[in-house]
Each structure stands twice: as structure tokens, then as C-alpha cells.
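We begin with a single chain expressed as C-alpha cells, specifically the form predicted alone.
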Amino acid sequence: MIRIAAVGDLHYGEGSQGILKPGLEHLPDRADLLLLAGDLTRWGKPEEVQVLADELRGVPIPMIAVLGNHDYHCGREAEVRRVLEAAGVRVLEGEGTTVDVDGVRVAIAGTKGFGGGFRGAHGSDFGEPEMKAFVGHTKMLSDRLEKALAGLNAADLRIALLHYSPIEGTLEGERLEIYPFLGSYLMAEAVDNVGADLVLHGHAHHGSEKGRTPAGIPVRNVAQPLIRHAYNVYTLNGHREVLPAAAGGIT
């Protein structure tokens, strides 16, 4: 069994020290890898993510992340990525990576994702250039995610790591009016087209933890304001079954 610690929306900045620290002390005993689902900073400043990187440096299990909308705010996302990678965190955007966990090949494909809405209430790339750009960005990132997952077909387990949500189910609790800005069905389509064992995302602070894609792939919302822990731990048994979450480092 593979144990996956996951959290998003940490929003690190001045005064954030210690959000993860209590759980990190015992993380190697609880999980085989740590996945970070974006919005790791408040404003996307390198000095903000440095606070997080200082806590993560030296963690002895693989760490993989995607960035979120907050991490892009200042236009310094490349610097944010470099700070994380200097601390040993692999950052993905339309890319995939594979780690070996006791002989099990666990592959992670990641993207920030974007908005657009869901079946029956979604935007289209028609009309004004601004609308075309909005939906076109989501299509581009969804295509990248699908290609990244497809390139990992030799793995034993495949995980899609996102910031924005791919389904409506994990948005329940948020206001309906903002669903188009919280995710897009195109990402669920990308995952369902090639298959995965688990999808993780953040962004929906007031949503729900659990859901499934139309093809039945488990989806978990790990936004820290929702799960109210330093991270949740999910266990994959190799048969697309996600066992109940265990919490780590209550904040």
C-alpha cells in the first residue's frame, strides 16, 4: 500500500511558520510521499515560499508540487519554482514524474489547471478575445495534463495533481456563482481519457473533500482551510481504492 500525504492552499507568508511543522516531524512514519496542491504563497513572492521551503528542506520522502493562482499573482512563478526545487520539491506544470516506493512505481502528472465551469454551465472559446483566451488557457493545460498522464502508462499507480478542481462534487459548499472560477470539467475529461488512480486538488476552501470523475476516479480536495490539518494521508492499495484519510499535524 502506498501512503500519500497531500495538502494545498497553505498560503505561506510572513508569520506562517509552523503550519506544516508539527506534521513534518512524523511525516516519514505516516506517508511515502508528500504532494502539494498549489497556492503555497499569499502573493506569489519568492520570500514567502522561502518560509515554506525552509520547513520542507531535508524531509526524507519525495515531495511534488503544482503552483496555484496565488503563486502566479506577482508574475514571479519561475522564481517561486526555483526556491521550491532548491529545497528538494519537484514542481510540475504539464509534466510528469515517477518515484519508486518499495518497488512500486508511482507516477504523478501535475498542472495548475484553470477555470471555465462544468457540463451544462461552462464557458466556450467563442466571441471576444478575452473569452477565447480564458477557455483556451484551460484547454491548453488540460491537454498538457492528458499528455503527461499518458506518458506515465508504465507506472503501477498514477496520480493527477491539480490546483483547480476537475469536478463539481468537491465544490459543494462553495457559492454556485463562482464554480466557473474554481475549476473545469475539461480536466476531468483529460484524466478520464487516459486513466488514473487518484486526483488531488485544492483551491475550494469551502468545498467538500470527496468526489469522483464521471469515469469513477476518486477525487480529493485537500485545501488546508477545508481539511483543517497540516495534510491528509490517503492510502492506495493498487486497485483504485482510496482508503480513509488520516490527518497529520493538526493546526
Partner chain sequence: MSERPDYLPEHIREKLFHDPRVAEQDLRVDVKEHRVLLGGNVSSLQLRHTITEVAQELLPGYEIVNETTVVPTTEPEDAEPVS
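Positions refer to the first chain, counted from 1. Since we're looking at a predicted model, the values are computed, not measured.
Omitted from view is the form predicted together with its partner chain, to which the following refers.
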Inset, instruction - Flag this candidate site as yes only if Leu33, Gly58 and Thr170 all have a heavy atom within 4.5 Å of its partner chain in the predicted bound form; otherwise mark no. - result: no
Inset, instruction - Could you tell me which one of Leu198, Leu67, Leu52, Ile64 places a heavy atom within 4.5 Å of its partner chain in the predicted bound form? - result: Leu198
Inset, instruction - Please check if Pro218 has a heavy atom lying within 4.5 Å of any heavy atom of its partner chain in the predicted bound form. - result: yes
Inset, instruction - Could you confirm whether Gln224 comes within 4.5 Å of its partner chain in the predicted bound form, counting heavy atoms only? - result: yes
Legend entry - Glu209 within 4.5 Å of its partner chain in the predicted bound form, heavy atoms: yes
Inset, instruction - Find out whether any non-hydrogen atom of Met187 is located within 4.5 angstroms of its partner chain in the predicted bound form, and reply yes or no. - result: no
Inset, instruction - Go through 79-103 residue by residue and record those having a heavy atom within 4.5 Å of its partner chain in the predicted bound form; state none if no residue qualifies. - result: none
